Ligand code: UDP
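Heads up, the chain below is alone and in the form predicted alone; it's given as structure tokens.
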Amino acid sequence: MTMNTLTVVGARPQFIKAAPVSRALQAAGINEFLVHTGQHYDANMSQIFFDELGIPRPDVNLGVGSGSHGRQTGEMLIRLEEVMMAEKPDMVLVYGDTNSTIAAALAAIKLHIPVTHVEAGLRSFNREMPEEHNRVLTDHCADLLLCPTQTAVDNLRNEGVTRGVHLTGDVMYDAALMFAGRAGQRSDVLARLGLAPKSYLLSTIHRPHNTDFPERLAGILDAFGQLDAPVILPIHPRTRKKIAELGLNMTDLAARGVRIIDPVGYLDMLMLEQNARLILTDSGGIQKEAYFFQVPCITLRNDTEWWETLDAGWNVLVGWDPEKILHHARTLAPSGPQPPLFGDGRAAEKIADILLENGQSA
């Protein structure tokens, strides 16, 4: 009997994670019905990823778009329930910690459909982050909890969650291995931007705790302008809006070495990451990709989901403090072999095997 899985994605990191898993499900003979909630709807944040990663076109795009957390999550919940009732899947598969994730998990459990959570067990221990509530609640809804690291397994055990827990490795590591070579062949982003390898720093800033406080965002950009190499900043739409509200001029920022560019696709981003001298980010996924490519990372947060990268010496937390940013940008120089924190690059295959095994025993 064929297993039918309904997969829900909605944001850029989820498209990346879905790429290797969708391939593995297809190879294992598992039917996948792909739902895009529309949480990321800009072409530069959404469509280009489906094109570059070879992800099957979504069977349904709910087109929910932006809005307050409650309104967005509620609208997704209503529409996902309708899709699940129509499709009657054997399993609902969700990724990460977005509003799409928690909406899909809630819709599924209320319809008594088993939930699989890829990237289960992550904890920042910062309850001010909406993502922390999303991931905790999703974990406690899930029947299968697929953990990228041993730390994630330990976090779940500390919460009394041990049933259905599997250590699979990280599907983003699968994706990085799968697409890094393709990026080298297809991406011309370094030539387009006139960049030599290791001649620049790379940054992303999108989290509200940095963008929604003018003094923090201004302080971060001011620190960037004092560094000894240009900072390439692919700009999130929210961040672009906030920079404009600050009255900062893009030309003036560029004159100080902060070069703001439009959002880039996954292959271009992989090339920028691999060739950067240093990465400065408030993104969870880019912290990991920095580690994959052995690029030192400064995290513009006071917490992280990836505590292992701190312990390994390749990542440091600085919050939004300009002095800490400058200090660590000038001194962070990890060396020596990296611990293999994120598996062997076969997480997606393991996930498909776990789904088949549990589908047959249900």
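Predicted, not measured: the structure shown is a model, and the values here were computed from it. Residues carry their position along the shown sequence, with the first being 1.
Just so you know, the form predicted together with ligand UDP exists too; it's not on screen, but the next bit is about it.
Just one listed stretch, out of 163-171, 221-229, 259-267, 192-200, contacts ligand UDP in the model of the complex at the 4.5 Å heavy atom level, and that stretch is 259-267.
Taking the partner from elsewhere, T149 is found to have every heavy atom lying beyond 4.5 Å of ligand UDP in the model of the complex. Using a 4.5 angstroms limit between non-hydrogen atoms, I16 touches ligand UDP in the model of the complex. Contact annotation for R207: at least one heavy atom lies within 4.5 Å of ligand UDP in the model of the complex.
In the model of the complex, ligand UDP lies farther than 4.5 Å from every heavy atom of Q274.
Within 4.5 Å of ligand UDP in the model of the complex, a heavy atom is found for not a single one of S22, R346 and D353. Checked against ligand UDP in the model of the complex, the residues L278, M91, I286, L80 give one hit for a heavy atom within 4.5 Å, which is I286. Within 4.5 angstroms of ligand UDP in the model of the complex, the stretch 224-241 places a non-hydrogen atom from P234 alone.
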